[in-house]
Structures are given as C-alpha cells and as structure tokens.
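To begin, one chain is listed below as structure tokens, in the form predicted on its own.
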C-alpha cells in the first residue's frame, strides 16, 4: 500500500484531531503575535471546534454503519461509537470556550483556550483508543492540561489548592492505572485490547488457568478509571476541585474527560474481558460486573445523599456529578450480557446518557458562571429571586436542573429510562430499582434550587442580570439540544445503537 493510499484510508479516523492540532498552533501564534486579538481567541476556538464536530458526518470520512475497523497500526478504532463521543467532546470544548469569553478569571487569556484545545484533543483520541499505549497517552493528554486549568487562577488560593489536589490525586490514580495496564502487557505481550483477550485465553498464556493475576490487574485498572470518572469511593477529589477551579474549567472537567473515560472504559471491558475470557473455569467478566455494580450503587447513593447538605452551588453539582457517574455505571454493568442485542442496548444507553449529560451540565454551569459574575457568590441561598432579576436565566437553568433530575420533557428522562431499561434486560432489575430510588432522592436538591430561584425573595431583585452575547448563545444552543433530546430522542439513540451494534459484533476473541 502506497503512502497516499494509506493516508486516505487512515486520515478520516483522526480528522478532528488533526483539526484540533492546527487550531492549537493557530491559537499559539495569535496569542503570541497579536495581543490585540486576545478577545477573539475564545470565539475562534468555539467556532472551529463546533465545525470539527461535524466532520464525522462528512461522506467518505464517517465510518459506514456497522463498520468497526482498526486504523493507524491498530491504535485507533474507527466506528460510529467513537464518532458520537467525539461529537459530544468537541461540542463540550466549543461551548466551554464560548462560555469562558466573558469570564473575568480566564476569558482574556489566550493560553486558556490553547490548553482547552489540547485537552479536547486528548479526550477525542481517548474515545477511540483500541490499544493500551494509545489509551494511556491519550488519557494523560486529557489530564495534564486539566491539572493546569484547575489551578489556572493564580490570584485565587482556592484555585491553587484545587490544582494541587487534582494533580497529586490524579498522578497517583494514573500510576495505579498504568501499573494495571503494564501487568496486562506483561501477562500477554500484547497492547491491543482484543489481542490481550485472545492471549489470555490462549493455551500458551503464561497465566495458565490462574485467575488471580488477571483480577489484580483488572482491579488496578478499575481504580484508575474510577478516579477519572469521579465514581465512589474514588471521588474524594471532586468537591474541592469543582469548587476551587475556575467555573468554565469545572464545567469542562465535569463533561469532556468523563465522557471520554466512559467511552474507553466500555471498550476496555468488552474488548479485554468479555464473557469468553475464562480462567480456572471462572469468568473474569463476573468479577468486574460485581465491582462496577457496587461502584454504581455507592456512587449514586453517596453522591445524592451528600448533595442534600451542600450550600455552595458548585459543590452541590460536584456531588451531583458523582451520582451521575453512578447512573452511567448502571449501563456499564449491563454489558455483562452475552446477548448481543442487550449489549447493544447497554452501550447505546451509556452513549446517549453522556450526550444528554454533557449538554445539561454545560447549561447549568453557564448559569452558574453568569450568576457568580453578577452576584459575586456561589451560595445556593443567593439564587433567591433570580426569576425577577433575569427570567431567561431562571428558565434555562431550570431546564438544565430538570434534565439532570430526569424530569420530562428534558433529556434526562430518556437518559435514565434507557439506562434502567438496559439494566433490566441484563437481569439487573435490582440495580435499576436502586437507580430509580436514587433519582427520587436527587429530585429534592434539584427542585430545592429551582424553588429558591422562583419562589424565595431575594435581596437584589431590582438589579437585573444582563446576559452577554457569548452566554446567550451558550444558553440557546444547550437549551435547544436538551429539549430536543427530551422530546425527540430517536435520532441520537438510533445513532448510538448503530455504533453500539458494531462494537457488540466486534466482541470476538482475536478480531482484527
């Protein structure tokens, strides 16, 4: 195969990443040589990332329906599931850049948009990783910029503290994850996910029938990913980092890195440890399913219960994020099914949920940015009287909160419905019931914020909150998407199911 033929076959798989690399270079040049244009860098980053989000739809560049192929020497998986996660990640980067333009802490700093772009590049690669080398490199390309961003506001002691905590805990979690991945490589001599599975079941495997080393490696990987998705009991960094980091950074951390981590987490489980991997007559899948089920229950319960007591809006959203990770883990646990249709339902439910969560959470955080800039506080009690200060702000935040709570017609209703449906289909009805009960608990603190905004009298009701153009666009885009997903979910869930079907079909030991 000639070089041109090779590039034409492989470039579409990383088209968004190539665009992000070029964007990063342009931002660096503009920031360095055109200081008078700093105010436009945010708009540039937002527009380019939004345009890159449509590249998976370009004929000839998008993977065919049902296609799941390896590109770039087996490092990247090119399929529709990767496309849907890349779209949500790119839109997350775009919307974060847009909402940050008028933020006093980061809005006029070109390096902020450069770091966001690099982190988005890493998240996009992570969502399509098919090899543990690419997986780890991409994960650190996401994480290291986020450590910097968490402590970006040098004049704020809280930001510096959050950056340091995030770096220390994140580095420790990365080391644990890397140790788990290195053990898998040591056991098999393979780095490609499906090749690891084939080697583990080979008669020549150095493990023989010994299951304990494989379980040890798997546990280390779960611990590492548990930190990245802020699932309990590896959530301890989340409240402090969410509260201390600049709010646009918190918004990006809460959606982009989490979405990418869930994408690769599903690929890892069904690629490396499907039901076919049996050691000593026992299925490794049963072990990780049990761990994920426990993490889902603990994350949902702990996140929701602790969120009830919070007085700071960002800390409340941090515990909400932990609970949301627990809901998504319900769908991951449902991957235990050997029925291809049920596995497809589980994968697509997680993809749809993360798509919904991305836009819903960004919508709420956009409101937090605007209100904290206007009122100078993040206390939930200070949101009193918001509907009289800015009716449109109150309406859009209400829609976002209702979506996170799972109330129709917002998107969160179908997000939870598809997750719990997949759990029932996978014979995890008890887990689905726990999820429903936790959703009822979560209603309290979401509705409490809505009640404060609409009913409680505020002290500054005569001072209107003006919505700057960038945030007006953010509110408009995210609100429309959240409502459309809640009223007409079929296009996105259908797209997710097409991508999930290709992945489910690929769960064959030794698939090239």
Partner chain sequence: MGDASFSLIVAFTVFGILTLGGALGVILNRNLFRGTIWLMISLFGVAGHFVLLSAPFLAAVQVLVYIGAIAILFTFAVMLTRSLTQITDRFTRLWWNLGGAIVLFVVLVGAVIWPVWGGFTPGDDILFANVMSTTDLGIALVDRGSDLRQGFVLPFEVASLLLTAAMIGAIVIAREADDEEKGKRG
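Numbering follows the first chain given and starts at 1. Note that the structure is a prediction, hence the values are computed from the model and not measured.
Another form exists, predicted in complex with the partner chain; not displayed. Remarks below refer to it.
Report whether the minimum heavy atom distance between residue 393 and the partner chain in the model of the complex is within 4.5 Å. Although the partner chain is absent here, residue 393 would stay clear of it in the model of the complex, with no heavy atoms inside 4.5 Å.
Close approach of residue 28 to the partner chain in the model of the complex, 4.5 Å, heavy atom: Contact check for residue 28: yes, within 4.5 Å of the partner chain in the model of the complex.
Contact test in the model of the complex: residue 133 vs the partner chain, heavy atoms, 4.5 Å: Within the cut-off, so yes.
Would residue 502 sit within 4.5 Å of the partner chain in the model of the complex, counting heavy atoms only? Taking the distances in the model of the complex, the answer for residue 502 is no, it never comes within 4.5 Å of the partner chain.
Which one, 119-127, 354-362, 287-295, 323-331, holds residues whose non-hydrogen atoms are within 4.5 Å of the partner chain in the model of the complex? Answer to the contact question: 119-127.
Counting heavy atoms only and using a 4.5 Å cut-off, do 72, 137 and 152 all touch the partner chain in the model of the complex? Yes: each residue has a heavy atom within 4.5 Å of the partner.
Considering the partner chain in the model of the complex, which of 161, 378, 111, 373 comes within 4.5 Å of it through any heavy atom? Of the listed residues, the single hit is 111.
So the partner chain isn't shown here. In the model of the complex, which residue out of 198, 144, 434, 306 has a non-hydrogen atom within 4.5 Å of it? The residue from 198, 144, 434, 306 that makes the contact is 144.
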